[in-house]
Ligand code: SAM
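Encoded as structure tokens, the following chain is the form predicted on its own, with no partner shown.
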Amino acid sequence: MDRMAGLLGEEFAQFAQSYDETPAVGLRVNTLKLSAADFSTLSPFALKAVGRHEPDGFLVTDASKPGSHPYHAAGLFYLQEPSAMVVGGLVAAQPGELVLDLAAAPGGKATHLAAQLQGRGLLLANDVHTGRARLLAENLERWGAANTLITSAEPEHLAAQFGPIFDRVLVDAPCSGEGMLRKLSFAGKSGPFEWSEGMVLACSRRQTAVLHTAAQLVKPGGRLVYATCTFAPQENEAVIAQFLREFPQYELIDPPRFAGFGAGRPSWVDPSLADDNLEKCVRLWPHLFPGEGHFVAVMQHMDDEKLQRFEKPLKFTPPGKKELAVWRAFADEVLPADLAEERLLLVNGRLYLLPELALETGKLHLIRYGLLLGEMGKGHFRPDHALALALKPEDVALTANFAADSDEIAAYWQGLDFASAGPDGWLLVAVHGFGLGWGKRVNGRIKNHYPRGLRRNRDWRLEIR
């Protein structure tokens, strides 16, 4: 706070006062499944538009608990800090592009990019820590995103495998987290906050190394976006200033400016590196914007060299005739939708649908490639939860659709079987028309196939009271 007082001067009093205010709760709608307008009509929560910068984002203005609602389990929205929504918006991925989220866990910004791609192109979402990468995979699974490749690899290994082929690369850099201090405090996590001037400098060195590697993955004309959730100039303007000096083929671009978007501060950088162009960076302050502290720099690869994007297509062996027959028997009965068999991949008894744009991954550690359809048994096929979340009721022959506050949804989410009249067979259990998971109707009862690790210990309706 002493350092911020020195930097902000007259602004500091307003900045300090913001720490007595309750942090905003943000919610971003999954436009792979429904529009923001439709969700606002459907929503049981009190919502307010977050701002013109993010048309699919809202602030939750009541005391409701959206994370405990079945709509969250069905992937209709992601609970995301309002300032973090800005980052994905400035990446501005376009359908059909090849996009890399280099440090993607837990997945808030990755789900944003997946929504922007609208099922076309490919999103490579990576996290160096395997456990976090698996959490990332779970969040993208709930999102219903099928055109994804999820890896757990060092950035330099990605650069060696792919080279400069990506249209957009996001570096949501690990940082000292100063911008999240208010949020952590109000969440009851006000214990020892691991911060020191030495930590800031260590983060700066690490961020510089990651950013240098990321530059090797952006194609000429592509966009490189660097973001942190810290205030420290050493991790923000200083990192960008040093990067631009060493990579002159990159230039800062001035992104669209909306209410509450602050400018970068060239005066906070060593005079030998200072550049007025640093004002093109975006700073989000808790006293000026309905969110926490963030920094974003948007850079364009300006090299005139017209390189054709070289992509190594994935080489794979499709399932054999016996396995295809098992899949077809299931699909003919359960899925009226036609899934492209030429993109089916069978690995260790698990059947995947690869993205249309599938790249050779070499020896990279893969967490998930495409959409996991299910597992092959002896003469039968068991669909995976990921498939249910990627489907719409019209994609499935049988659907059992219930209201969010119904007894059936309460029972299903707890892993219980329940009565349901209708024909026998696999069916999609849906909440208000959105897939929640699989069930199998047998003699007037739905046998529960909701994943055990996702089940609730008690009726969800009791959790939000």
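Residue positions are given as counts along the sequence shown, with the first one as 1. Computed from a prediction, not measured in an experiment: that's the story for all the values here.
The same protein also has a form predicted together with S-adenosylmethionine (SAM), omitted here; what follows describes it.
For Val296, no non-hydrogen atom is located within 4.5 Å of S-adenosylmethionine (SAM) in the predicted bound form, even though that partner is not displayed. Though the partner is left out of this view, Arg206 does reach within 4.5 Å of S-adenosylmethionine (SAM) in the predicted bound form, counting heavy atoms only. Although the partner is absent here, Ala103 lies within 4.5 Å of S-adenosylmethionine (SAM) in the predicted bound form, judged by heavy atoms. In the predicted bound form, Ala115 stays away from S-adenosylmethionine (SAM), with no heavy atom inside 4.5 Å. Proximity to S-adenosylmethionine (SAM) in the predicted bound form, taken as a non-hydrogen atom within 4.5 angstroms, holds for one residue of Pro290, Pro266, Gly163, Pro155, which is Pro155.
Listed residues Leu314, Val210, Ala274, Leu335 were compared with S-adenosylmethionine (SAM) in the predicted bound form; Val210 is the one with a heavy atom within 4.5 Å.
Considering S-adenosylmethionine (SAM) in the predicted bound form, the lone stretch of 391 to 399, 173 to 181, 357 to 365, 343 to 351 in range is 173 to 181 [heavy atom distance within 4.5 Å].
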